[in-house]
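We begin with a single chain expressed as structure tokens, specifically the form predicted on its own.
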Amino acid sequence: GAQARDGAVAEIEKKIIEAFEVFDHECNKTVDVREIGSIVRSLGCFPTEAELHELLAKVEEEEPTGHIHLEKFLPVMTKVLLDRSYRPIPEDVLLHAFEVLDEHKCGYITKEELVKYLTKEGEPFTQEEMEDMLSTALDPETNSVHYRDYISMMIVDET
């Protein structure tokens, strides 16, 4: 078991380092603290804002510099991936959430409705998150989100 686990850890660490390097613009093993959310999500983890703050607390320096060092980030993120923390929401739950918003049961939500829900309710999206989502989800011809297509695109293959 231990050897297999070490193998898994090595694989995971390699993935984390690759994801980290994408955002390490200075190539000095640090990234801007604001990039951590993107790195974590690029690794298939979707923490809430609160969970992300907890994670940042673990990886920041004693005196926060606005930068996160790979050597601090790597062990924390490795544990997150090994424990399968912050898993994405299952497909049926996502579908149900969209169906609730789709009051007319027409299979899509207009851009206006979506922006309203995602920026006014619950844990509001930032402008940037909103644009990210719309760039992926929005059908430019109808200016609406056909959420079944969007969900099937978002579901990450676990294999």
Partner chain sequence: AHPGTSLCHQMLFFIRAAILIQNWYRFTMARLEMRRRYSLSIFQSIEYADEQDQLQVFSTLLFFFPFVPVSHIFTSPSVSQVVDEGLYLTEFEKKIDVPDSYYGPRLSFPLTVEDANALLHAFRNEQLLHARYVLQLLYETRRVLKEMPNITHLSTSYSKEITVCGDLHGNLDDLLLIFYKNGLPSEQNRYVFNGDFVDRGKNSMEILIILFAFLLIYPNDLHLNRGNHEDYIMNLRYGFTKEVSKKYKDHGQQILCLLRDVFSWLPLATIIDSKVLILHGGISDTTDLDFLNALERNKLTCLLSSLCSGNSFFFFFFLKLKSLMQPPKSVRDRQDQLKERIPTTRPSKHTAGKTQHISLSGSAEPSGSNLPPDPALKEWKQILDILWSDPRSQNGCTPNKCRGGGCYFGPDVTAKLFERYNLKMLIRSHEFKPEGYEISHNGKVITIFSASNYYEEGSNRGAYIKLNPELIPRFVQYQVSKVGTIESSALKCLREKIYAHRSELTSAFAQYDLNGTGRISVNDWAAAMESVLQLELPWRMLRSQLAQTTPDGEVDFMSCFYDLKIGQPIKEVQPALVETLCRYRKDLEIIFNVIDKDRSGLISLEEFGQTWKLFASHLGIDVYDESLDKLVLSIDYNKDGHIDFNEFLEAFHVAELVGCLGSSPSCH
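Quantities reported herein were computed from a predicted structural model and do not represent experimental measurements. Residue numbers count along the first chain shown, from 1.
One more form of this protein exists, namely the form predicted in complex with its partner chain; it is left out here, but the text below deals with it.
* 4.5 angstroms heavy atom contact with its partner chain in the predicted bound form for residue 108 -> Taking the distances in the predicted bound form, the answer for residue 108 is no, it never comes within 4.5 Å of its partner chain.
* If you check in the predicted bound form, is residue 69 within 4.5 Å of its partner chain, heavy atoms only? -> Residue 69: no, not in contact with its partner chain in the predicted bound form.
* Counting only non-hydrogen atoms and a 4.5 angstroms cut-off, does residue 123 reach its partner chain in the predicted bound form? -> Flag for residue 123 set to yes.
* Close approach of residue 26 to its partner chain in the predicted bound form, 4.5 Å, heavy atom -> Judged by the heavy-atom cut-off of 4.5 Å, residue 26 is in contact with its partner chain in the predicted bound form.
* Check each residue of 83-107 against its partner chain in the predicted bound form and list those with a heavy atom within 4.5 Å, in sequence order. => 89, 93, 94, 97, 98, 100, 101, 103, in sequence order.
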